[in-house]
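Single chain ahead, by itself, as structure tokens, in the form predicted alone.
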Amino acid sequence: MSIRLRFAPSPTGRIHVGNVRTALMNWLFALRQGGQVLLRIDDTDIARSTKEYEQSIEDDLKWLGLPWHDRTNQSARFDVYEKAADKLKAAGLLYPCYETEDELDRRRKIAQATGKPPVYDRAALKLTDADRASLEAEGRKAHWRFKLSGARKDWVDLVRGPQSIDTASLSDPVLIREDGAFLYTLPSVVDDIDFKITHIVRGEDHVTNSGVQIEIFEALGGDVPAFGHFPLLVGADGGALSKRLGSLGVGELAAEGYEPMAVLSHLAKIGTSDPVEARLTIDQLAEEFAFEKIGRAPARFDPEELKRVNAAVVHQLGYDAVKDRLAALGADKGEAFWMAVRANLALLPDVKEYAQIVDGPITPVIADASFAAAAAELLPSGAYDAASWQAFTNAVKEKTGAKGKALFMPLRQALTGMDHGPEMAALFPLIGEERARKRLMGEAA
């Protein structure tokens, strides 16, 4: 059997970390099993869907390194959904209802007040042809509900283990609105059948939907896929993340300088039994992926932890992997510079600060002018190399008697304007004699 999964975003906005985690679970399982992923654009909501957002979804997936094997738009398949609806109607499983939202709300409140579950009472099934004609003559249009069997639907969830949904406890779901628009459920099932989807992997907020969808799969004669429902993301404090997702879009993370593999590594590991550590390839993430590792508690998305993972990725990047991006940032000072500063970066754009230290001008920090002046007199002449810093500091130590922090800190502050940063042995040759002399004399250079 060929393993087929799908990622089904709606082009009504940019994808965020919650969407990416869903996509990633599908891609990792497919990679591990030698399967494929369908990118399905759920654009049945014509009014809210845009081509701009559709393109941004593709761009973001490409940036993340998640290529799809097949692609479809639901908006191009309305005729297919109509045929499926006709089949359900002919079988007596899709029936017209005419209640307004106010009427339904009133019935729900009455049911709750009398201790009954707020489940649709199927009053529409009792309507005669004359009743329906009369309602339509009043201007009412039908919405269409799927008639559930009332049976219990069981499956072994890839994440949650044995699951059971009693469809008798559910209202018959509306599949088609009164304006003729298809809601999510029917097109999704039809597509899963037509594209031979074998596994549906998504958030646990869809668990109840699975009982309904299993019945629709069966009614349409399709094979029921395997289901896997994983816990949703929460914030670092355990609170809801939904209000903050807008600032955690893929586009925003990319603009801030996050690495795709840092985003994927973090999202692949949080909420699992694995430590949250950086990986440099998606193949490695796939090799380590298993549904059995996913815990039942919500996964905590911590921006600070993401930054730590990002730093770990950046620290392993070779010069060839970043030189074009360094050039775009105006901070390509060559391989020696990159190797000197990368261990001090959390995000790649941070490199601009260190490029400024090399090129100047900076304002040197001079706490003891006489010490700095004495050091300036001891600067080696000519080009510097890896051994120049030690020779220079040994000479300063011998002349001034300073050692340890009293020796190295004032020199770092004068030469870089900072209390911390990359190893001075690597920076010193990049700064060079002329700038070093000016900075030790207190000049901005």
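Rigid core here is just the name for the largest C-alpha set that superposes within 1.5 Å across the two forms. In case it trips you up, residue 1 is the first one in the sequence shown, and so on. What you see is a predicted model; the values in this text were computed from it and never measured.
If you look for the form predicted together with the RNA, you will not find it shown, but the lines that follow are about it.
Out of the stretches listed (216-224, 82-90, 106-114, 280-288), which one is close to the RNA in the predicted complex, meaning heavy atoms within 4.5 Å? The contacting stretch here is 106-114.
Check each of 196, 122, 132, 177 and return the one that places a heavy atom within 4.5 angstroms of the RNA in the predicted complex. Exactly one listed residue reaches within 4.5 Å, namely 177.
Can you pick the one in 126, 71, 296, 352 that has a heavy atom within 4.5 Å of the RNA in the predicted complex? Of 126, 71, 296, 352, the residue with a heavy atom within 4.5 Å of the RNA in the predicted complex is 296.
Any non-hydrogen atom of residue 153 within 4.5 angstroms of the RNA in the predicted complex: Taking the distances in the predicted complex, the answer for residue 153 is no, it never comes within 4.5 Å of the RNA.
In the predicted complex, does residue 148 have a heavy atom within 4.5 Å of the RNA? Answer no; every heavy atom of residue 148 is more than 4.5 Å from the RNA in the predicted complex.
Heavy atom to heavy atom, is residue 408 within 4.5 Å of the RNA in the predicted complex? So residue 408 counts as contacting the RNA.
Though only this chain appears here, would residue 52 touch the RNA in the predicted complex if you measure heavy atom gaps against 4.5 Å? No - in the predicted complex, heavy atoms of residue 52 and the RNA never come within 4.5 Å of each other.
Using the arrangement in the predicted complex, list in sequence order the residues of 258-293 with any heavy atom within 4.5 angstroms of the RNA. In sequence order, 269, 270, 271, 272, 273, 275, 276, 277 come within 4.5 Å of the partner.
Taking the rigid core as the superposition reference, indicate whether the CA of residue 334 shifts 2 angstroms or more between the shown form and the other one. No, because once the rigid core is superposed, the C-alpha of residue 334 moves less than 2 Å between the shown form and the other one.
Superposing on the rigid core, does the Cα of residue 118 end up 2 Å or more away between the shown form and the other one? After core superposition, the displacement of the residue 118 C-alpha between the shown form and the other one reaches the 2 Å mark, so yes.
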